[in-house]
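The data below hold one chain only, encoded as C-alpha cells and taken in the form predicted alone.
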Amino acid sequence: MGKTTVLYEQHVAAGAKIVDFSGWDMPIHYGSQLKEHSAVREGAGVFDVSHMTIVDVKGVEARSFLQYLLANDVAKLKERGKALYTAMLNEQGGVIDDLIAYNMGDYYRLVVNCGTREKDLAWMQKQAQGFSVTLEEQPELAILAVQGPQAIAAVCGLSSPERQAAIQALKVFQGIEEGDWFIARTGYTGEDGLEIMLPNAEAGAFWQALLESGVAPIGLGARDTLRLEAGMNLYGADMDETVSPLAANMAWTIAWQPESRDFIGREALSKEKSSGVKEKLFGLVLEGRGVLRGHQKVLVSGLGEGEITSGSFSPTLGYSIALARLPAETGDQAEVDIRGKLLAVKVVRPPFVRNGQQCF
C-alpha cells in the first residue's frame, strides 16, 4: 500500500477506484470519469490534492532566494495573498518542476508536485546555502480544489458571512488567510474555483459537507482531461528536466526584467532564445475517428517530425485533442501516426476549452 491522504477513507466510502499515483493511493474516479469531467465543466466538483507538497520559505532573504531559484519573479507579488505560476530550472534551463508561489506577507508559500517532492526539496536545500532562509514543509495541511462555474457559490454556502465576503472579493490568482485556512482562487481545470489549504483535522468534515451540498467528488482521471482541455502542462509528460520553458509553452512564466536578476537557468535560456527556439508545444485536434495518445509520432510536411506529449479524448468537444512538441515553424496542419496509419490533424494554439467553451 502506498501513502495516503487524510481523506483516504472518505474516498473509499464514496466508491472511488484507487490507483497508485507517484507512490500515493489516490482515486482515479468514483464510477464515471466522463460524468466527473462534466460535473466540473457544468457545476462544481472537489478534488483531493493533499498529496501535493506545501513548502513555506521564511527568513530575511526569502525574496532574494526565490528571485534566484525561480524563473518568474516573486517581486511581482506586491500584495499579501497574490500568487504566480512559475518554473524551477536547472542550470541548463530544464524544468525541475512547475509550481505556484504565494506571497504570505512575511514569508512565501510554494506548492509543488508530489512526484517531484524529494528532488525538489533537495534542490531547494542545496540552492538555499548562502541565503538566510528556512524551508518548512506543511504536512499537517490538506488541499482541496473546488472547481467549476458553481464552485465559489458552493464554498460560500458553507462559509460564515465574513468568509463569504472575503471569498467573493478574491481576484484570480489571489488568496486569503482565514484562521488556519488559506483559500486561493487558483486551479488546474480551466474553470473558476478555489484551492483550499486547511488543517488535516478539518478536511474530512469539509469534504463531507461539500458532497452533501451537491458538489461531486472528482478523481485524477477527470483532472487530467480537464487540464488537457485547458492546455495546462503536466510535469513529466509535457515538460521535464530536459525541456526548457521556451519549448513547453511556458515562455510567459519567465521574468526577463530586471536584467540584473540572475536566476538559475537564465544564461542557458538567453542563449536558446537568441539562437532561436527549435521546438514549441502546440495543440492538436483530431475531429475524425481515432484517439491521440502520448508518444505518438507527428509528421510536419517539409519540417520534420515531433511527438505528442499528452493526448486524450476530450469529453467537452467530443473528439481527440493533444499537446505535441513540434518544429517551431509548424503551421496549421500535420499528420499523426496511429498504428501505422497517418491521420490529418489541425494544429492550434492551446487552450482548447476555457470556462466550458471551445476557444480555438
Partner chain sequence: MSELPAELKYLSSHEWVRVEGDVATIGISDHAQEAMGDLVYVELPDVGADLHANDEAGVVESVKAASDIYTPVSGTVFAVNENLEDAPELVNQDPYHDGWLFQIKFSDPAELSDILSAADYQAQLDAEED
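Numbering follows the first chain given and starts at 1. Not measured: the values here are computed from a predicted model.
Quick note: we don't show the form predicted together with the partner chain, though the next part is all about it.
Residue Thr225 is the only one of Asn103, Thr225, Thr186, Thr116 with a heavy atom lying within 4.5 Å of the partner chain in the model of the complex.
Contact with the partner chain in the model of the complex, defined as a heavy atom within 4.5 Å, holds for exactly one of Ala328, Leu303, Leu34, Leu317, namely Leu34.
Considering the partner chain in the model of the complex, the lone stretch of 328 to 336, 65 to 73, 288 to 296, 49 to 57 in range is 288 to 296 [heavy atom distance within 4.5 Å]. The partner chain in the model of the complex comes within 4.5 Å of a heavy atom belonging to Lys17.
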